[in-house]
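Just one chain follows, in the form predicted on its own, and it is written as structure tokens.
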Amino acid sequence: MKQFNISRILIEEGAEHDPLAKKILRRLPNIPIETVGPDELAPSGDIKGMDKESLRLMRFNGEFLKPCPGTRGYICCGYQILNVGTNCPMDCSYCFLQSYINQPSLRIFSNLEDNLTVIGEIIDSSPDRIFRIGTGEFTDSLSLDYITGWTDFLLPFFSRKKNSILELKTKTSSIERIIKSRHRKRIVIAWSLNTPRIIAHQEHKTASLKSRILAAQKCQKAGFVLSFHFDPLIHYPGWGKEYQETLELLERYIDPESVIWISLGSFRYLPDLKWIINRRFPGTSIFNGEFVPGLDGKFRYFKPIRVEMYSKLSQRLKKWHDDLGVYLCMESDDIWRQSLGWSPESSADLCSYLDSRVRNLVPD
């Protein structure tokens, strides 16, 4: 298990009384502790390091379970985000969280465990609906699990919720805690994958491609359902060959029968993020492509580039197995049709498609 360097713990007033905070402090007995006021923001424009060695324990006063905001003009999968914290100890050059740079440090919501009852009431109030829930939107789901113990209470909780699944998405190989858990029902372990070149040059402090896939294989053999996310796909000279080699490695170690879905999405960014990336990663090649503004204000690869990438990867995936639940993340109806040869046509229909895969593949 890779452990990240934590140089100090910041505790916001009131958080020290929460059970999760107490557990974390017991796991980090020799780390200096500072009591701080609520949400002390970094000075505007301060982008140095994002303070990834400080662990901030804080109470979250918003909604713990919220729908993915989606984006105007594109088909959304209807994912539900479980807010467990923000930021992660890894440092991907393209990470959109950098645009939240006035909220540095690894932020852990200490009152999460105390709010599981509220989350459960939301899920139970709609028994005919499938809740596809993930913790990997604003932080990595497993990179800090050895400190937070999130999976110790999230796995048993969601295993009991028959109309939900919990997807834990990571770029690590840190599976020790989940493998030891006896809970498998309604749990999906997910990996974000890319080519070795992109991992080496853009996904700093993450696990290697092979390490991620071998971890996925161990989880699959232990009885977990898997998913994979190729997002962001990055266009560069030689991308076709290298993404094909990535898929070949996946095929070598993973049984496709228990893969619930695979998403494809291209690199996209808001204008402000480009400035931050160039400041934090001088000389990066990630913008060496043909980008155009999209309907949501984000810059994306020129449409023919996206279509080519999605088409080649989806065709290669279909040769591996013809029922992998391949879908596109935040793309328009015409891109779906040109790339995959079909389209769900609407966000509601994509939700129904993915919900049907939950019913068919996730153990009850």
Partner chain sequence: MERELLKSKASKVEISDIDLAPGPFSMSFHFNLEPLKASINRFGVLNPPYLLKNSDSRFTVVAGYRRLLAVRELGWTDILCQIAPDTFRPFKALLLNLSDNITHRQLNTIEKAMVLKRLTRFLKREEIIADFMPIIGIRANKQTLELFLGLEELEEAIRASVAMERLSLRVAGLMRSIARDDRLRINDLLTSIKWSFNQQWEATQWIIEIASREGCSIKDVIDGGEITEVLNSQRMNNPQKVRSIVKTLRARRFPTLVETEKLFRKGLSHLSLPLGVKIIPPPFFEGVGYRLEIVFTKGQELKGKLAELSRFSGLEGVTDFWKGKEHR
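Keep in mind the model is a prediction, meaning the values are calculated, not measured. Numbering follows the first chain given and starts at 1.
Just so it is clear, the following notes concern the form predicted together with its partner chain, a form of the same protein that is not shown.
> Could you check which residue among 131, 267, 291, 261 gets a heavy atom within 4.5 Å of its partner chain in the predicted bound form?
Contact check passes for 291.
> Which residue, 69, 32, 304, 37, is the contact with its partner chain in the predicted bound form, using a 4.5 Å heavy atom cutoff?
Residue within 4.5 Å of the partner: 304.
> So if I measure heavy atom distances to its partner chain in the predicted bound form, which of the stretches 133-141, 267-275, 108-116, 202-210 falls within 4.5 Å?
Single hit among the candidates: 267-275.
> Residue-level contact is defined here as any heavy atom of the residue lying within 4.5 Å of its partner chain in the predicted bound form; does residue 323 satisfy this criterion?
Residue 323: no, not in contact with its partner chain in the predicted bound form.
> So, in the predicted bound form, is residue 285 in contact with its partner chain at a 4.5 angstroms heavy atom limit?
Output for residue 285 is yes: heavy atoms within 4.5 Å of its partner chain.
> Determine whether any heavy atom of residue 300 comes within 4.5 Å of a heavy atom of its partner chain in the predicted bound form, and answer yes or no.
Flag for residue 300 set to yes.
> Quick check on residue 235: any heavy atom within 4.5 Å of its partner chain in the predicted bound form?
Yes, contact at 4.5 Å.
> Any chance all of 74, 312 and 338 sit within 4.5 Å of its partner chain in the predicted bound form, going by non-hydrogen atoms?
Yes: each residue has a heavy atom within 4.5 Å of the partner.
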